[in-house]
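Given as structure tokens, the chain that follows is alone and in the form predicted on its own.
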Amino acid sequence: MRTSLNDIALAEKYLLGKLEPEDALVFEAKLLTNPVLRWNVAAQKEVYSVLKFYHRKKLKKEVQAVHQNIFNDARHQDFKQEIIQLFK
């Protein structure tokens, strides 16, 4: 069990580019020789991609809500005009 936790932690550092170069080389060698580790790292990479996509989608929705609030609310018309002037 402990080995798999260490592998997960190493995989995370590897995928995020936080391993020292010599440690990254050793980890890459392990990936070449261990198909289970290679599959687990690929799965972990996919999870990171899904999380990144989800976060972007959520952030975009929040930005759109702020945009709608600022540009459609009469209380913010002065601010809206200032922003429009910046882009003219």
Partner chain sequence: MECIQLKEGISVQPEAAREKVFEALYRKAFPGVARFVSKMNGTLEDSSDIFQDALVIYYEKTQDESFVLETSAEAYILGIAKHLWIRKFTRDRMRISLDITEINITLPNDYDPTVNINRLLKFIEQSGRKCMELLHTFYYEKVSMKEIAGRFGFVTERSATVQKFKCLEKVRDKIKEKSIAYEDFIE
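Positions refer to the first chain, counted from 1. Here the structure is a predicted model, which is why all the values come from computation and not from measurement.
Form predicted in complex with the partner chain: not shown, discussed below.
query = Do residue 64 and the partner chain share at least one heavy atom pair within 4.5 Å in the model of the complex?
reply = Yes, contact at 4.5 Å.
ask   = Are any of the heavy atoms in residue 26 no more than 4.5 Å from a heavy atom of the partner chain in the model of the complex?
value = Although the partner chain is absent here, residue 26 would stay clear of it in the model of the complex, with no heavy atoms inside 4.5 Å.
key: Contact label in the model of the complex: residue 49 to the partner chain, heavy atom within 4.5 Å   = Answer yes; at least one heavy atom of residue 49 falls within 4.5 Å of the partner chain in the model of the complex.
query = Can residue 69 be called a contact residue for the partner chain in the model of the complex at 4.5 Å between heavy atoms?
reply = Residue-level check for residue 69: yes, a contact with the partner chain.
ask   = Since the partner is left out here, which residues of 38 to 66 would have a heavy atom within 4.5 Å of the partner chain in the model of the complex?
value = The stretch touches the partner through 39, 40, 42, 43, 44, 46, 47, 48, 49, 50, 51, 52, 53, 54, 55, 56, 57, 58, 59, 60, 62, 63, 64, 66.
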